[in-house]
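A lone chain, given as structure tokens: the form predicted alone.
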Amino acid sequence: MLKVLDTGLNTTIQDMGRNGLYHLGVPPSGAADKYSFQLGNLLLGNPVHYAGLEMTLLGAAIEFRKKTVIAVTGAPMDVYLNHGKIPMWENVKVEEGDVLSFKSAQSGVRTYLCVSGGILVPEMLGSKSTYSLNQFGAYIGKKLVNGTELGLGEPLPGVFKQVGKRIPPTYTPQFGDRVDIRVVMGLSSYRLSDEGIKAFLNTEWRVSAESNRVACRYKGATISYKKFEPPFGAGSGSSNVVDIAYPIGVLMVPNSEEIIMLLNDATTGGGFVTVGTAISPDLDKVSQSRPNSTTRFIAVTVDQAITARLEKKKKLLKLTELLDGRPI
């Protein structure tokens, strides 16, 4: 068991998400930066879907009431076990009574704590992830509060022999103040003027503080629409279309002054013009984009998006083999 002494700014239980229900109005939720989250579980030898904690900007303080092994990944924070600083991206043994504490994120947004055997909470609709907006899943569907006690799985066989094992630096992500995000154009980008498309692709967009697990907001340029006679059911505004399903990563243009990218806890559909969809391998970088950091959007083809996804899967497979001690 672990006890949360201080929750930090926003700490929730997440796993790899609640997949296959988005068409029914249930967003996937799950770890916002899935790459960092998976690396924590892979390092411990856990299945990648085992539940852990996601901390946002300011970390938690946690007392362990069980001897186990942990790994901390994601946005860099100073991490202390009792009063001694410990490394991230490395397996660390904790004893019963030890207190783990985190400072604020130095870059990026979200930091992950994975535990051998995972965190034990009931599944809802096939996942242990928290969906705070509708308050279901994980710990009564809310962020953790001070005093929360959570069950831990039994440490996996042999994990104490893996203490000190770490993720090679070539596999750890960088968390800068400027990122490039690849986008497949569509679904209703035809509703934007040529100048609007150029403004979207040629602008360095600034991440708004009004960003969270539901969506990331950007400001930076004016995007103009084409003159268009709205079809029946679309409403009268230039930013409106007849309601469509939104994929995760879609970039909506609700007005000429901002764009909004939907993320893991997003609504599933609506009637705003969509200029494109960020490719799934780049969503981890979006979720780690801090307010006032900048983003450029790069148009790619569907084939290029599929290639990028396969390359990321191959990278994770190579790392798995490396951590298992198998030849790569």
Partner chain sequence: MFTLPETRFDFSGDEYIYAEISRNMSAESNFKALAITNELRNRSIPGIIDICPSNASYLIRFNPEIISAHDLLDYLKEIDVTKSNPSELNLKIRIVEIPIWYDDPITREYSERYKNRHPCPELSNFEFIMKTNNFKDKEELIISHSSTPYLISMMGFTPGTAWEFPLGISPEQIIQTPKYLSPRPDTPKQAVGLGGAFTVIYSVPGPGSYQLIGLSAVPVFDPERKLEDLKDMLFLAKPGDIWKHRPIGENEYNRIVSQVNRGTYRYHMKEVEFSPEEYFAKGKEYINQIMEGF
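Residue numbers count along the first chain shown, from 1. As the structure is a computational prediction, the values presented were derived from the model and not from experiment.
FYI, the form predicted together with its partner chain isn't displayed, but the following is about it.
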Partner contact check in the predicted complex: of 194 to 202, 87 to 95, 67 to 75, 224 to 232, the stretch with a heavy atom within 4.5 Å of its partner chain is 224 to 232
None of Leu125, Val121, Val159, Val179 but one has a heavy atom within 4.5 Å of its partner chain in the predicted complex; the exception is Leu125
inquiry  = For the three residues Asn19, Arg217 and Val241, which mark the spot I'm curious about, does each lie within 4.5 Å of its partner chain in the predicted complex through at least one heavy atom?
reply    = yes
(message) Is Tyr112 part of the interface with its partner chain in the predicted complex - any heavy atom within 4.5 Å?
(response) no
| said: When the contact criterion is heavy atoms within 4.5 Å, does Pro247 count as touching its partner chain in the predicted complex? | reply: yes
Would Leu9 count as touching its partner chain in the predicted complex under a 4.5 Å heavy atom rule? no
Can any non-hydrogen atom of Leu316 be found within 4.5 angstroms of its partner chain in the predicted complex?
no
Contact check, 254 to 273 vs its partner chain in the predicted complex, heavy atom within 4.5 Å, ordered by sequence, gives Pro254, Asn255, Glu258, Ile260, Ala266, Thr267, Thr268, Gly269, Gly270, Gly271, Phe272
